[in-house]
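There is one chain below, alone, in structure tokens, taken in the form predicted alone.
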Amino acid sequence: MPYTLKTLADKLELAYSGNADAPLDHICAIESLDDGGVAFINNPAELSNLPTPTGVFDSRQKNISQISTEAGGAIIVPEATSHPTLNLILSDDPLQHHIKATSLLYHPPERSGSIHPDASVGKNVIIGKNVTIDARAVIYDNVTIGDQTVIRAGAVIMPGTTIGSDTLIYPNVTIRENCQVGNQVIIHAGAVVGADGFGFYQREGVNLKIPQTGIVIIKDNVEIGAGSTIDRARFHQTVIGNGCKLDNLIHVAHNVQIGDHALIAAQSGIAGSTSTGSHLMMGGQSGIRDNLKIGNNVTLFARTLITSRTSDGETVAGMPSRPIKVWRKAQALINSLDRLVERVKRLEKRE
């Protein structure tokens, strides 16, 4: 559906200023605002004292030094903002309304609501209403798929697995046997759910496999990035809590329990049998050792390794991890080592 400034603002139930008939057809960032684009700004000061015609946006400083006043797009801005020439949509939460505008203007691949004839569907499969299963997807026996769920091309869902409603499984995802995936889950291309955990023991110098007989449970509103791997438990369950968001290339080992609403950035990993509280935040390439208990609201800076249990609310950095204030002090000392070495050398020469 094509939108104008007026019709989009009306759809969002917001006021606007500018050219009511300006056509809007795509979402963009403020630094690339163009004809038909819709961007957003959270701080009204960013629109103050704008010179005319073209310009440059310094995203690092969060400051617009110039912006084209001739662009036909629109900016979603805080309610108190005004500008004589720009098309503005006035919002009490510009980010949230920009996201709502995205859902109106961005059109993802269509859902057929049917099973493609080239899909392979096994026996005793229960399929809900308006389910889309694309070509060359493989659904094994005894799988259950909830209403409105989409299984994209090449995905493999193995026996006994349950997938909830309104879930999106992208191409070439593999979900192993007996796993449970909740409602409104997104699993991106190439992810593997329920692979064997890394379980081995040695006898006479030979590595022998420990069978991994447990499952993975992914609760509601979870998103799992491309190429991520979530291992099945040895006996019981590996669990990803409600609302967790995992970036690309994440590894969650067997028996791990991640609490609700975690945010985990790319190339991070959690070793086996560790449990975390809610609202865990892990920066890129960070990790948590095995068999630990991590508190609620714990934050890891990028490339941090936690090697011992943490209490609620800790923010840590470094390898091994330290409280953030201690780590920053240590980093400052490291940066002073050259001067300290020269000072020691001068003192030694005086002796």
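From 1 onward, residues are counted along the sequence shown. Rigid core (definition): largest C-alpha set, two forms, superposition within 1.5 Å. This structure is a prediction, so every number in the text was calculated from the model and none was measured.
One more form of this protein should be noted, the form predicted in complex with another copy of the chain, which is absent from this view; the next part is about it.
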(message) Give me the residue from Ser114, Ser82, Thr213, Asn124 that has a heavy atom within 4.5 Å of another copy of the chain in the model of the complex.
(response) Thr213
(request) Go through Thr144, Thr102, Asn130, Asn183 and name the one with a heavy atom inside 4.5 Å of another copy of the chain in the model of the complex. (result) Thr102
(message) Can you tell me if Ile163 lies within 4.5 angstroms of another copy of the chain in the model of the complex, counting non-hydrogen atoms only?
(response) no
(message) At 4.5 Å between heavy atoms, is Asp93 in contact with another copy of the chain in the model of the complex?
(response) yes
(message) Quick check on Asn291: any heavy atom within 4.5 Å of another copy of the chain in the model of the complex?
(response) no
(request) Verify the contact flag for Asn87: yes if a non-hydrogen atom of it lies within 4.5 Å of a non-hydrogen atom of another copy of the chain in the model of the complex, no if not. (result) no
(message) For a quick check, can you give me the residues of 168-183 that have a heavy atom within 4.5 Å of another copy of the chain in the model of the complex?
(response) Tyr170, Pro171, Asn172, Val173, Thr174, Arg176, Glu177
(request) Inspect the rigid-core superposition and answer whether the C-alpha of Glu13 shifts by 2 angstroms or more between the shown form and the other one. (result) no
